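Coming up are structure 1 and structure 2: the same protein chain in two forms, each one given alone as structure tokens.
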Structure 1
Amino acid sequence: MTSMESGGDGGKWLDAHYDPVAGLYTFSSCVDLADLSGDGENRLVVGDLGTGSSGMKLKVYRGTALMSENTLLDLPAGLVAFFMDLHEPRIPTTAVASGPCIYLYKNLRPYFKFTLPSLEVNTLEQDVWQQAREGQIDPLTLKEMLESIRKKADVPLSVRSLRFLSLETDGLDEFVQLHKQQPIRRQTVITCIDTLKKSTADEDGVSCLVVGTESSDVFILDSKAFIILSKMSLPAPPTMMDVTGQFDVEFRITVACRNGNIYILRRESDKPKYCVELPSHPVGLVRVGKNVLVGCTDESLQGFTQKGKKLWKIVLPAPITTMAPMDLPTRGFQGVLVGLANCEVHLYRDKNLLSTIKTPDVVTSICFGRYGREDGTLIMTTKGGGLMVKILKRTVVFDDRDSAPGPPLAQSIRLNVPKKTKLYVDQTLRERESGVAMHRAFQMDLSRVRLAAAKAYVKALESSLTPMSASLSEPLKMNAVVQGLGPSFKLTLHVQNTAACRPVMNLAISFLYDENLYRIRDPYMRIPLLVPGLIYPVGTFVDCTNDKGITDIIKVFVLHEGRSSPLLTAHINMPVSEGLALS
């Protein structure tokens, strides 16, 4: 898997893989990274939505290849990898929320299925269907009675009754004959899923499952016995959630609901403790440190405290498609990745824009973490079903300054200006009185510095004291490499003809050195014809004849036959020898 530098992100990411026809249609809630084999290599686990009505699958990728896939019976609403026990080897379990069920996979195979408990059924609805079963009422009367119950009853109707009410008149009788003998059940469906550590915050600690349902409830499930440990109610169905803490100690569940509000649930209460009213509906919810970042449909990104206090708000250039946290513990970095509808992914730390990644298609899911054995891996899927993998450079440094256009962040910080001292006042008066003389003296010194630099430059060109030739007819460049610990060193000279199309010939190399310190085996060497653009290595050996640890400079001259002045000169600082050469 080759890596190339990505062009649209300031050189912070490497393009590791891009498959535009991978056929992955998913969201950020259905993507996770986990070590499913216990070999130290994380796999990519994806809940593929398929066409929306068929082709739903649980896919596992290793590197860039599809490792395994399992068919799902319904559309996945969320996917998490967690540890459900303390057995060795430590292999996580994958939980896929689909419809009213949670499907567990262990070792890439189906392991367990948990179904949410059924909801209370409306008694009037049961009586009406009982009358239809006994033939006391016809289908039209049944439809009228169910319509009346739906408008007045506190308990909602079942899915079967709602489907019956949506039918045309000619299909009512067939539907009643098909379903009247079956018992009525009202089943909720899962809308979001997350994990909560049970008693320890260790990375491989046992976790509980936290699920939000269409019936506006949040359940915390025990991962061993799969019983409901806690049930909390919300004013509206949840769509996204973020969980932090431990169940046995203290936890906090931040939930974004379908009514456009954010609710915060605590351990000691089965009702929301705080409520945040948003100006528009949320489309993304991410926790960064102790703050909660929310993306809204009005193209804004907002930051809140754990208690719901608004900290800041920024306006984005396009609608948000997805959001995901970016946590890099090895560097102590936490941020949020925001996918936009204009084919860009922005990286924010608080409200500061640190990086912008341009993508060939609109991004629908983002996942950042350890993939394979690489810690800083960014995995994205696109609207057209493509798969992109990028790797964060190990040498990258994220500046705290905001790269977005506008005034810098430091402009709003007040400077701590010290009080004016007597010395400061005296210096100010002196500068006012003799400002012209000070400026003339500065200009004189500046002119002298420029003149001295120009003279030194001309002298270097005339005497060829530089490692690059100034001759237009014979443009040369040379650098030297010294290898070895001593007393014998290998000296390699790399000579290059920088002309466009003219070769250079009849050249030689000569050395000037202290014969009491060094002995060069080939003090004079001829250079073959130099073809433009090629680098020619010329090597010889230098022996140190002094055992006192004294070093000196060896001068290298490139000469043209028949001329006394060299074309170019190089000064080589020799290293200290570790021993003495044998005579």
Structure 2
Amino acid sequence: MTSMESGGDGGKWLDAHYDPVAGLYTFSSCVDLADLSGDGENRLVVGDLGTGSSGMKLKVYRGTALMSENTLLDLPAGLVAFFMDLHEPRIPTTAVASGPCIYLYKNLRPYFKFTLPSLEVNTLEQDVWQQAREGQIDPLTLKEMLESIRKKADVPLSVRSLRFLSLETDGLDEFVQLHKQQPIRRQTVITCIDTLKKSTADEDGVSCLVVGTESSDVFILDSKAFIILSKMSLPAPPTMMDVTGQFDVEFRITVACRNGNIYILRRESDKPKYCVELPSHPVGLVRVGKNVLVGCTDESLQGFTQKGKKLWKIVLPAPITTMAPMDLPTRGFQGVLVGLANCEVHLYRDKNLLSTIKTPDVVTSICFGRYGREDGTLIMTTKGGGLMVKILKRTVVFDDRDSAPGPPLAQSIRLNVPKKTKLYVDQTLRERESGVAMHRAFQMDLSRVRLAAAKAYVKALESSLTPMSASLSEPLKMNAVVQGLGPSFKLTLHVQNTAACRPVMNLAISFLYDENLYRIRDPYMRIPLLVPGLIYPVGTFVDCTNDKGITDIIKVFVLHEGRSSPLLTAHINMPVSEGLALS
């Protein structure tokens, strides 16, 4: 399937522009295309988040060049270009949502600022601060009271109280002095913004603004007077929106929320009409025709009806980074572009993959539409800050591939069956001829091995040759370490009493060795009382008296006083002495 489109986009797209160091940090919600000067040529408007804490800019591109830059006061959460009035020439206004405000730009100049109404303030909190202002209570009492309000109250505390609660004791007084005169305000933050046509569905009709806020509300704002036309509440803060319809007739707002659900709002009610519970968080929300397509964090793309009924689900090869609609009204084409973390952008119509575009970096925002004078332009920004512009070839036909593809490619790959050698075949033949003899020989040898093993085991047990003593009265364990290059070696024996609680007494160690080869400093040592579990190192020195490089075994015996047979025995293979003895 993909081999047909080698190079990813297979000649469907023309590379118009790629600037890998454009320095754009933005999301699909902060990118739009609009004819900002009214000359019939669309500009690209980007709300750049700068470094994420400073350097936020509103950038406008024309062709391949940056045309203008305006500094933004706060992080842009969303950006839309829309018509707010009927004045000629028809020039759209750009609205940038950031913090609690919407900043409007006309002709690339600041024009208007709208601030969302403050939220309801906790009355108890207000009373407490009032008392503080009048000096009735000291800061410490204030803190205690605020603390108790926070625990119980339905209405959350204001920023000021929260900050006050987080302060150390010595900063409280100063803080109260600084802030007590100001009225308490609670402001919310805009999380997403979109437009809704007011009364006509025309391309250049007047639109309202639809704003989702951190306080889990959705506001519809009239763009002329900037009054709130409608307010709707959701169970969780919205993250993405899709709006369709007209305010005066009928509209539908599909909202993805931070709790992983999708809610569908309609004109009549201020509460969600339908709810879709997704198995994972939505990353992208796009409406194609009457269906809503949702990309989820579990690497899936799902289709829903506008009433929230699930239609289909496909699994994608990588996590989704962003999604955008691809609408070509001139050709009646509607699809969805999905940016993936594996540096690909997939184009889907319903659940059929139509095209794959390979990109040099992970795409973070996608915008498709008319740019300059070209209708089918795809604009993408990448994680590294690059800006990419591609133009859809006018001759391209997107053929709907059959939804049931043929057998998977893997079916034609030969199985990797291990080959057998000639030797193997020969051995097989030999086994066929003399299988009985082989079996008998094997059984015979097996019996012999078992016998030999059993004999050796019995012998070891009988003469305590093992380094483990299994006797009930003195369960001991020993291992030996030889250190040094020679001719002097240090021999350390680690003796351990493995009994559960009983100590062992009256033990001694002696050695058996070739006296022509070795000399041991302390050939007989007494072992102290052995407490169970502890490892006792017992050390001595061994001198090699021979310079011929001959080695031998030294046998170590652990003896019990008054008993002739050893408790346990260890055989130490001595290493070759590397040096000469100084005699």
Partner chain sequence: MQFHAQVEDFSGASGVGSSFSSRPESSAQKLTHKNTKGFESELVSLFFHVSSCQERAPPFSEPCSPELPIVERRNWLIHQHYIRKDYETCKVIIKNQLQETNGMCEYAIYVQALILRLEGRIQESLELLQSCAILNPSSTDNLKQVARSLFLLGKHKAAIEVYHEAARLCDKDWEISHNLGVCFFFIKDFKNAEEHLNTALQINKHDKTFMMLGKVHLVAGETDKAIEVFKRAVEFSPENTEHLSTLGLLYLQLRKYQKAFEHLGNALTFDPNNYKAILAAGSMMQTHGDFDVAMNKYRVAACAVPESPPLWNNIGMCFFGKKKYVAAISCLKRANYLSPFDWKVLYNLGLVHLTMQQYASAFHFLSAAISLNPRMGELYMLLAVALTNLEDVENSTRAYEQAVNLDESNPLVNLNFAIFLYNHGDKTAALDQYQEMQRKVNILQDSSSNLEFDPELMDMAQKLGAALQVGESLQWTKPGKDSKSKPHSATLAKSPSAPLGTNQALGQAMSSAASYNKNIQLPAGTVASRQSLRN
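This one's a predicted model, so the numbers in the text were calculated from it and none came from an experiment. Residue positions are counted from 1 along structure 1's sequence. We call the rigid core the largest set of C-alpha positions that still match within 1.5 Å between the two forms.
Of the two forms shown, structure 1 is the one predicted on its own, while structure 2 is not. S488 is among the residues whose C-alpha shifts by 2 Å or more between structure 1 and structure 2 once the rigid core is aligned. Once the rigid core is used as the reference frame, the Cα position of H560 differs between structure 1 and structure 2 by 2 Å or more.
When two forms of a protein are overlaid on their rigid core, residues whose CA moves 2 Å or more are considered shifted, and D242 is not one of them between structure 1 and structure 2. Look at V504: with the core superposed, its C-alpha moves 110.3 Å between structure 1 and structure 2.
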